[in-house]
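The same protein chain appears twice below, in two forms, each given on its own as structure tokens and labelled structure 1 and structure 2.
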Structure 1
Amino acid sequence: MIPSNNKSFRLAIAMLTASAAILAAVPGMVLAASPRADEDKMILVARQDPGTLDYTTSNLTALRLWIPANVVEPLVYFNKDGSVSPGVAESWTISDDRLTYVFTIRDAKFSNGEPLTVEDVVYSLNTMKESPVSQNSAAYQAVSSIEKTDDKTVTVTLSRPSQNFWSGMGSTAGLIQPEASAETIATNPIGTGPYKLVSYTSNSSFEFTVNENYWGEAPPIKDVSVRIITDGTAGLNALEAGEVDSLPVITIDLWEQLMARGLDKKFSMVTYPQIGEPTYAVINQKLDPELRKALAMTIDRQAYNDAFGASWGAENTCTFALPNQPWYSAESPESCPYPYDIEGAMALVTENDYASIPLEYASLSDVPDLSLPADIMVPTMQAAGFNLTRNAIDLARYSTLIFQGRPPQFDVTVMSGDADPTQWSCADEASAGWSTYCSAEYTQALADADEALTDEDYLALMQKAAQILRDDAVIVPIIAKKGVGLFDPDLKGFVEPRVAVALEFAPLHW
């Protein structure tokens, strides 16, 4: 009897072990609530690796999503309802002529325990003023001096009123860092925010924990891990399996899958414009204006929208803006000077013999969001009769040939990026940027808007600038993509980004 007992005992143990192993291997299937909820943790997913965390020299979204607002704070915060909240500046006064800004600095410490000083603020603003990133330095165009007034206040003097300056103080241009830690900014940026960065492993993850020196109320979730999963499908799988709690930024190339898998129902989905980007064609300004218009007429905005299978997340537009910018307008006969008209384009090709003009289409081969539009645009333009050749190049070459090429080496290309209209301003033909766009009229309209003293004047002038940009058919907007995020249904409190595109961890709670 004993041997047989022994045998069945062993069998039972073996079966137990086997089932335990199987159960252990499938946590996502048995667990409904996130195991992180009880540990005051959350795991988010990033799609891209920034490589560097130095926000003064890089404007990569992959970096601006996580570091500003969470780790490094700006002087002020602009809320969605139009109100302004204090940040590093406890209070501020603006002179009536809008030429003098006095910021009173908060009595606070950086996350490394060092006190926040007026010198740090002056240093930070000066660094941003000299930043090679034009989005940062553009805010300071009207600034004539940044000075320490006393141990609590900093005075910024402008040579003319500037809307960009004030909005910049609530964006990356207004981020405050300790001067003493400037050396390590690329790997370990330090600030006064609610969280501090524990570690950043390139291509792997960011680890954040609460900043015990934070001046405000401690956030509810203690540890935040941002895992870098470059493969979009893998990110969705990780969410579905319960390995992570949120994909706060889901790029357009995954929207098709997201809906097909019903993830919008299983998780709470948010759409918000801040992180969105316009996708636009760029047609070299050296080409004849009539030719540019004919090319613009081949763009069927609905087709691009449908291609991503996501009309719920992207709007067709002819205006270079995002839906949260007041001068934005959706595609309409009034706002589209060159609506889709393939027959019209073909007629123009025949009439003007455009087929005899060789055109080069520069396509950025390693970015899926851009290769899909290129896959539509190139064959359509060819079908309309244009003599267009597609030249596929990687990012470094694209940087060399187009971003830095003077003149840039392309006739037509497609790009997606931030919606800041000032990036196309251009003082004179010789200083035209990579887009080749240069219009004195447009630049003047933007400058006038910057100097506007009232919101109404500002809006009217921005609308005027947007109209000039549309009519010139160099920057041809196609769609405005919104930001889309999925959260575990139990993870609540999402707030739309306030500091540029930064996703704030602090409001989130289980």
Structure 2
Amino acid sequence: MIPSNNKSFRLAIAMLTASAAILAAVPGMVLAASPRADEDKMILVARQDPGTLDYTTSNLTALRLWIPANVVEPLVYFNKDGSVSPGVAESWTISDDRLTYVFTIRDAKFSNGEPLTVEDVVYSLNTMKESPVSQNSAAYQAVSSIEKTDDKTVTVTLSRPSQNFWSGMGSTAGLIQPEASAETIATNPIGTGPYKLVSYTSNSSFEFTVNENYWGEAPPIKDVSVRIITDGTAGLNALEAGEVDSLPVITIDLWEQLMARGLDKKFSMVTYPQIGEPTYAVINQKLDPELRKALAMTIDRQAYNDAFGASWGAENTCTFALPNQPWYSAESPESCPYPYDIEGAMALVTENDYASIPLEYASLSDVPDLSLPADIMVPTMQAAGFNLTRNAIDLARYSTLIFQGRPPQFDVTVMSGDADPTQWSCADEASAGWSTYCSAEYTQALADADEALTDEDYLALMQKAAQILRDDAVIVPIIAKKGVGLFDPDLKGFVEPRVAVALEFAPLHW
């Protein structure tokens, strides 16, 4: 690689850039490269403001896209090809009975210059073990102890084998932070990743720069800005005008516009399963099971798919999963216990006097790919005879009222999110959160799958759990969406997320 401070090299690049700009004005010629290409910079677009950067207490995609892998690293990384790479742990050993994991912690510094210690690792894992985010804490259900072995190693002991534990060490459950900076994590998370957060301005932007203390190879792009542009059309306009370099996550409400404007031809379009999401209705578990089933019968999955105008990017399903998960099934008579039947639903409303039961539908007013399904779902349920009132609230209020509400503060809602089935695991109804789903049978099926020692047994048990979820009509899947992103054609190096949905900056380059 030629050093960027070489004057001749920079002059040559400047001349090439100017030539490209001239060619771009000629019909049929390629567009000029981004003005950031010669500045070691890039600008990305976020569609939502996370409100907090505390990944130990929030699982919003708007947070997990940017902080994990870039700023804060997990113990290990699970790669697309099935291999495992070092993260905060430079090596590890796993006992034959899969009950003891010993992690050797690398010599490294956090982005604030403080040394990474074994104590920080023990603190971080214990924090995630107690996390209110079920995807984090679920990884530790079989963990009996997390201990410092010596100044280089941490030993984690399990009471039983756990597939969730090992996979969690390469996801958000395995993220490592400095204990001394824990109090500022909501606004300034610190980690050992290739970048550090310079600033976070709510509803405006994130600013990142290369972490000079990073233990690995320095990334090719020094500075990264993430602009928060909640209006999707405005984001696409900014990309087409060259003001930004990528919309790495394009929500389903923009897919039809994306194709109509030919942006899939002007820019590099990527699809990737990690950022794909199921869209699903959530029906409060407190409601009678037969009432839940009647509500589920009003859901015409194809109508939702058609409304987004991009069936190439979404598949109808009754299974809470994505197509890359082996227990997934597309919509079929065999996999849908309560297929669309509006007349049948109307008959049940009349037969059981469901119209006398007031129901509240909580919907998001400022998340288009969720407000659109609500626009379909509410009038359809009302047309079937349900006494349903819509309560439309913004994401900030929804996060407080719905996500943190105990007991759940709604009867019906619609949501998109991780296709992680463990988030619904809950054996005690008194512990029900926003998901409203607490089933001892479902929780046991997941626990049995977690202990499975073979892939065949694991798949069979996950299929059993998926069927329980379908039958109970609390989490009612509608469609499974692909992850879709657009990048400047000259911005290369995109890799599929390795840490949940996190978009990794480091591999990207001009």
Partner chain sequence: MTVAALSTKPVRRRPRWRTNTTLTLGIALTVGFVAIALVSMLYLPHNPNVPRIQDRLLPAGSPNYLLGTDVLGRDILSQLMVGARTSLMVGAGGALISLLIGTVAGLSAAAFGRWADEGISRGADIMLSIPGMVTALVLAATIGSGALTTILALTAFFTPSFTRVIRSAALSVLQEDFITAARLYGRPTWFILVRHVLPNIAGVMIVQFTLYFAAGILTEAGLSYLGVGVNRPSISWGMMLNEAQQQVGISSPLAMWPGLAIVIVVLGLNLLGDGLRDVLDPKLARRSS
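If you're wondering where the values come from, they're calculated on a predicted model, not measured in any experiment. The term rigid core refers to the maximal set of C-alpha atoms that superpose within 1.5 Å between the two forms. Just so we're on the same page, residue numbers count up from 1 along structure 1's sequence.
Enquirer: Kindly point out the structure, among the two, that is the form predicted together with the partner chain.
Expert: The chain shown as structure 1 is the form predicted together with the partner chain.
Enquirer: Quick one: report the rotation angle of the small rigid part relative to the large one between structure 1 and structure 2, in degrees.
Expert: Value: 16 degrees, smaller part relative to larger.
Enquirer: Core superposed, what is the CA shift for Ala460 between structure 1 and structure 2, in angstrom?
Expert: That residue's C-alpha is offset by 3.2 Å.
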